[in-house]
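Just one chain follows, in the form predicted on its own, and it is written as structure tokens.
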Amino acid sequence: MKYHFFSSIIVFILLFPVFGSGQKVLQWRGVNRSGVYDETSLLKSWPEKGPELLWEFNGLGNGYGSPVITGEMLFINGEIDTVSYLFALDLSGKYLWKSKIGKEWTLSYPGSRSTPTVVDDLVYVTAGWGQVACLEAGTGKERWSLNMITDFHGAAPRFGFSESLLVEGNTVYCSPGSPDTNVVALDRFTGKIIWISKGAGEMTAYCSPMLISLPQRNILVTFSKTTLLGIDTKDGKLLWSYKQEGQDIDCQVNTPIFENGFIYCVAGNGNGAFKLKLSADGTQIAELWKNPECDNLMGGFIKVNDYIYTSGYEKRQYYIVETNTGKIVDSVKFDRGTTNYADGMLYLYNEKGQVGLFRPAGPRMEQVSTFKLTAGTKAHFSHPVICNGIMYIRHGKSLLAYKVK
């Protein structure tokens, strides 16, 4: 089945970068996984009770992952009775089908962790106990499946496998996190191994990787338990690594951002926020600054011009970080949560269920509108998605669609 994709989208995320000729990828946090959605003509303020709710679907099962949206359908993961499923809905929120993935994580914060990745007519998914699968987008039929624990002797981290899979051309990457199998490249049509990278030789983290494309090479950038890795996607060679400092630093979650030769990261423990300079050929890095006070754990971050906007963790507020110096130049009280960006505005969703529309103003953030999410269940951890003038928010078993155009 051929899909027609909207110009923007995300998802844990959702526009489509073109990695190969005609190939369209819909994924976690949009183009380059940066949390920026290429939308226009969105509302610049909301009514007191929030934007219009178009529909709610409340049968997803437990989970925290975001949806991905095509021109005809949307896909999202959910856990029911310890099993992870891929759900397909139409764009009016009508249930179409669900397909079993594997055993889902139920030990701590039970529910699905990751966001599907859609490439043309195939969907790539993971489950909390390490299942990786390729399914047909039109029917949910399984093309191939493997397990990162049994097939690659990986070890589940303490909150379960949470990676949203990265696809480049005909290759899909996953991170089993065993001593000799840190990252694996697979043929995305068959699941066969292309290469295995030892990386740092440690357990995987919760980070969804991103891709840096340079004239000389493409680089997969992701975290293992304590280390940021730069891996050549041609052969799996570890080009460089950056070790986090401190103890109990296994919660490396946020996807890095690459822009104009620099890598930006915000981590919940270890070095906090930091900036690295990447050499022109991609083989070396140099630390420019780090700021442990900027400690967002899993809400992502947005870079607009010379500023990073993100929440704190220990202090439940949002920070503005100047990217040339790494200094926190301001803070805003809005509890801690996620950060996305579209049409010149920041979209914040905090752990108390408040959704905020803020204007980035250089070293400041200006609050414009807020409303409280009342539907759904359990923790407010999911990252919203903005696609074709609609803001999708997953809260546990419910997926809600708000008109923001």
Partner chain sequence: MKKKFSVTALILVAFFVAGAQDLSLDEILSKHYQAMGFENLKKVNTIIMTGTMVQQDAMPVKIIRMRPDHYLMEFDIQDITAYQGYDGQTAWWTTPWTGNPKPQLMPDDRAKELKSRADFDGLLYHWKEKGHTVELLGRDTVDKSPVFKLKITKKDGGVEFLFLDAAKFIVQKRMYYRIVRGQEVAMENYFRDYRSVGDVLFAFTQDTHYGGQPYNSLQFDSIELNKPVDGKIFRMPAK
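As the structure is a computational prediction, the values presented were derived from the model and not from experiment. Numbering follows the first chain given and starts at 1.
One more form of this protein, predicted together with the partner chain, exists but is not displayed; see below.
Heavy atoms within 4.5 Å of the partner chain in the predicted complex belong, among the stretches 142-150, 128-136, 236-244, 309-317, to residues of 309-317. Among the residues W289, W195, F262, Y109, the one placing a heavy atom within 4.5 Å of the partner chain in the predicted complex is Y109. Of the residues K49, K352, R364, K44, just one reaches the partner chain in the predicted complex with a heavy atom at 4.5 Å or closer; this is K352.
When the partner chain is considered in the predicted complex, Y64 lines it closely, a heavy atom lying within 4.5 Å.
In the predicted complex, at least one heavy atom of K378 sits within 4.5 Å of a heavy atom of the partner chain.
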